[in-house]
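Only one chain is included here, represented as structure tokens and corresponding to the form predicted alone.
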Amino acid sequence: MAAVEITEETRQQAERVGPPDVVVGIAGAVSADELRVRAQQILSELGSGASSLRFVFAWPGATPEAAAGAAQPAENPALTLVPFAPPTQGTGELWADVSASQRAVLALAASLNARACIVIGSDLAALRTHLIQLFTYAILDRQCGLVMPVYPPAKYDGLINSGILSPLSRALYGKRVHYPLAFDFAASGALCAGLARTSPAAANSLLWPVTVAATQFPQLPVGQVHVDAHHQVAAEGLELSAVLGQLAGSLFQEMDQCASHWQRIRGSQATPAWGNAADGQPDGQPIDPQPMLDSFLLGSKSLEEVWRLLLPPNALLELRRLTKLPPDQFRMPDDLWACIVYDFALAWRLRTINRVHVLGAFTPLYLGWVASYVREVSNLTSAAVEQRLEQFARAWEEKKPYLLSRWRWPDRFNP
């Protein structure tokens, strides 16, 4: 389990209060004064529903000044503020740093023997009374082991999640979770230590809560809550190929490590959700799919020899057919895209070529899928888009036997 440091004064304060019912941990640096005010406001608004619960609000700020601020008497006796030392080594990669901070929060909750831990993104967008109430209800009252968020749907946002992460995680582990990699989620005390544990195979591996829950704690139910928050992600300097490589590469790594589990899973289970679904985010300006299609077409020429090493002949034939379609007729079939992602996961596992090159060759194909998706949903309502994504996810489940065959007998499909 990841080591977490807190000052001796803060530790003594936490021990005097006793094991908390709920740790609300912030996965990033925030103002201690702002956190204190918002925490007191939340407990005040929770009212009688929280009167019997002990809350600890924790944030990465274990300095003498932070400890002194935490030691100040709180207006609400159910509230304790605990600063802890942030992860010492930042990687500069967005999700790796977020995951390290989330693990630190979970490790702190485990060390305090909390009954539940709610992890909140560093921008505090989800630090709201009704969301704390929802997460607490799902863990303590409904006995969920893990509760993931359902963010407001946006037609063109989070396409790496919609196009790869969510359907792949669902097909592998059988949990219909919208956002398997999220800024906000909650875990039961029984799950905290397992989630806090860093994979020995990769110090900078990302935290995939659904994977841990499905493979290590299958007896614990998984739920979701509707989170009406939109996180502001600093996108400056982030190249698509680097972000896609980090996210897809990390998920491929989880696939490799957990193969003995997901190979036994068939189909998927509906996941209960609580709270009111928020209206979709504004779609913003229409997206022109042509630049993405151009990148796909360019990749089909410059990376043809590489794709031959990574994809079976039938996939190459389908891709060649797509390159000959007029732009207004371009559409990548769901089953083809699912199989391509499965093929690249296998190539990553087998190190068919250097893994960096595997992920680099994946980017134009992803842009081809995005071009197809954007063109298809441009005139659909938010509800229709959700139905379309459900159909899309089912195609991944239907093609899982293909993944199993390739995973077990990779040479069978070699050209």
Partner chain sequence: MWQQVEQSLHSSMGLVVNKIATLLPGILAFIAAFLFFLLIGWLVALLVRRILTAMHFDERMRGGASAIAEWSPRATPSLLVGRVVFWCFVFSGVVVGVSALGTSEHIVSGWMLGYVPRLAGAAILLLAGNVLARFVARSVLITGVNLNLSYARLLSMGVRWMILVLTGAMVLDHLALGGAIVELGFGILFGGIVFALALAVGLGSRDLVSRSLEREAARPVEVAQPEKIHHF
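Everything numeric in this text was worked out from a predicted model, so none of it was measured. Positions refer to the first chain, counted from 1.
Although not depicted, the form predicted together with its partner chain is the subject of the following passage.
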property	result
Interface membership of L380, its partner chain in the predicted complex, 4.5 Å heavy atom rule	no
Contact label in the predicted complex: A361 to its partner chain, heavy atom within 4.5 Å	yes
Its partner chain contact at L389 in the predicted complex, heavy atom, 4.5 Å	no
4.5 Å heavy atom contact, V374 to its partner chain in the predicted complex	yes
Its partner chain in the predicted complex: contacting segment from 23 to 31, 363 to 371, 52 to 60, 37 to 45, heavy atom within 4.5 Å	363 to 371
I160, S241 and N354 all contacting its partner chain in the predicted complex, non-hydrogen atom within 4.5 Å	yes
One residue of M292, I265, L322, L140 in contact with its partner chain, assessed in the predicted complex (non-hydrogen atom, 4.5 angstroms)	M292
One residue of A96, V150, L303, V212 in contact with its partner chain, assessed in the predicted complex (non-hydrogen atom, 4.5 angstroms)	L303
